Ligand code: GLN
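Heads up, the chain below is alone and in the form predicted on its own; it's given as structure tokens.
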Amino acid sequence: MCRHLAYLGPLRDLATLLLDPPHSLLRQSYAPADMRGGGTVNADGFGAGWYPDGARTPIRYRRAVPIWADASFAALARAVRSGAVLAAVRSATVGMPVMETACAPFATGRWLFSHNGVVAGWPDSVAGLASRLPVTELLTLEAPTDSALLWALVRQRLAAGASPGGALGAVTAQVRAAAPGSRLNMLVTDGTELAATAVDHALVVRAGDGGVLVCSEPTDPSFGWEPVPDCHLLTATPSAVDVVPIPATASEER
């Protein structure tokens, strides 16, 4: 498993979001509260993506080392401010490589993406779904991992005009049908809106003060955190949050 976080709202420095809270993403990297049998720590790399104020294209920082081992990121995080952030710490599934390009967030154009979980029966279970992608998509995956393939499936729908929620919901339905028992907590954002799925793993949301924060685990003990029910899809902007059941079959919604 991994841990991830997405934020939309007023400008905040990365350290305030990712490093300073009592149960921050930093702490979740070495003392997660809910791994559900998917490992004990998230020490196989990390990444953060953010949108500079007014920019449509994100910047990424990724490393194949534990977040606590990177002093450069700690300094950078106190200097960078953004109103849109997606970050993750990684626990690599057995058999998958530990490398920088396997770390979330994945990115294409204005989009950032993260996956917390595992595709059951990888890779055979989703070979049929992969075969529907253009060959060039498969040849240029950032890493030979389930998360990278999920991102290819999601971005194909985004490129075809699907909404973030529509893309995540459809891909989740496809993968659940092809690979039952998969854990599919996914996050995607373009810096103005975000979508997230909760499938067989925890996800929480807190909205208020003009912003929204979606995390694998609450980052502090304050009130206001709401669990996202299992098999549900969350969509959000800084001013609104909506949570609905994930459809049982893939929709062609645009």
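Quick caveat: nothing in here was measured; it's all calculated off a predicted structure. Throughout, we count residues from 1 along the sequence that is shown.
Keep in mind that the form predicted together with glutamine is missing from the display, and what follows is about it.
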query: H115, heavy atom within 4.5 angstroms of glutamine in the predicted complex; finding: yes
query: 4.5 Å heavy atom contact, M96 to glutamine in the predicted complex; finding: yes
query: 4.5 Å heavy atom contact, S147 to glutamine in the predicted complex; finding: yes
query: 4.5 Å heavy atom contact, S91 and glutamine in the predicted complex; finding: yes
query: Stretch in contact, per heavy atom within 4.5 angstroms of glutamine in the predicted complex, of 83 to 91, 173 to 181, 128 to 136, 155 to 163; finding: 83 to 91
